[in-house]
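Read the single chain below, which is given as structure tokens and is the form predicted on its own.
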Amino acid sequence: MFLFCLIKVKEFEFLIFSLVFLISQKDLSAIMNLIFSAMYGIYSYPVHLEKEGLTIDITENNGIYRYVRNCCGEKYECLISSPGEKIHVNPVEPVNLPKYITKYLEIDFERVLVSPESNIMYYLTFPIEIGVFLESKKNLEPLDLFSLQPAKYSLYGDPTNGEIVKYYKSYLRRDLPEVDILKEGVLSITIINSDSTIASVSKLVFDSYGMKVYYNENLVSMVAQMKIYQKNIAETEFLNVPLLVGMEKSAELYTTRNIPAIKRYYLMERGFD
């Protein structure tokens, strides 16, 4: 017990020392991230981040900055030429790893019957990929990309004209699920059945170019809707709003890669059950 108390006292002393240093540097974002022990946020460097076996370090040696990330036994490192800049660490569109194969994400769940001409809202979970961006003169450049989640792929539609999709299995909830924010986010989905018949729904397919990811110290989220027009035809779309007040918007990979977002919705023409 004495040893445990001693360790806690040392941790508290380190926290106070770090806060005093950051206040002297007027680095408000780093102060908030230190208080909440969060991985996501905006950081000046040199910096050390550590959470659940994941570490990110930027160190300086004779004017040379080295970025090192360790995650799930994988190590990535590179040199950074610019001193005095910042890095952004945030969740990004989850379709890029282990390599970019498709821009579509399919989320499967237990079948639900939606009444004719009705609206219903559920929560689902989605996989997380984590992006690290280098901020220089107000521009963002992708620096690193990794994930703590294994990737699966599937086919939406038949083999002749279907779409390859990133696949994720989830479960419908009416209350906000608790998740590990380094691995999963929460999707708020409103299903709008405009048809005059009951709709059977067990999957959603999204275009990642329209994804709007938000985060805070406890939650990663997206807000979307599904409009059912008739049997087997529906449209999915992300809304550019946070799930909770005060959440920060993530930097978007397709924006930093200068990929034009021609459309922000996906037309599910091959059914949703």
Partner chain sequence: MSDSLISVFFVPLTKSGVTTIDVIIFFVILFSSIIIAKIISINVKRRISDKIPISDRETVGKIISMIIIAVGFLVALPYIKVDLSGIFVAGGLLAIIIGIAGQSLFSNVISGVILFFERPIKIGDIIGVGNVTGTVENIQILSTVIKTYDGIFTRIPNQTMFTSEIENYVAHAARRFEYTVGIRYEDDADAAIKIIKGVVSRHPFALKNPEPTVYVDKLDESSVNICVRVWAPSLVWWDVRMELLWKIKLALEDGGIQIPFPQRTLWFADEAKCSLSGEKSR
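Positions refer to the first chain, counted from 1. Predicted model, so just to flag it, every value in this text is computed and none were measured.
Omitted from view is the form predicted in complex with its partner chain, to which the following refers.
Stretch-level contact analysis of 75-83, 110-118, 138-146, 162-170 against its partner chain in the predicted complex, using heavy atoms and a 4.5 Å limit, identifies 162-170. The single contact residue among Ala151, Ile192, Leu182, Cys71, judged by any heavy atom lying within 4.5 Å of its partner chain in the predicted complex, is Ala151. None of the heavy atoms of Leu176 is located within 4.5 Å of its partner chain in the predicted complex. Interface residue remark: Ile101 is counted as part of the site for its partner chain in the predicted complex, having a heavy atom within 4.5 Å. Its partner chain in the predicted complex comes within 4.5 Å of a heavy atom belonging to Leu155.
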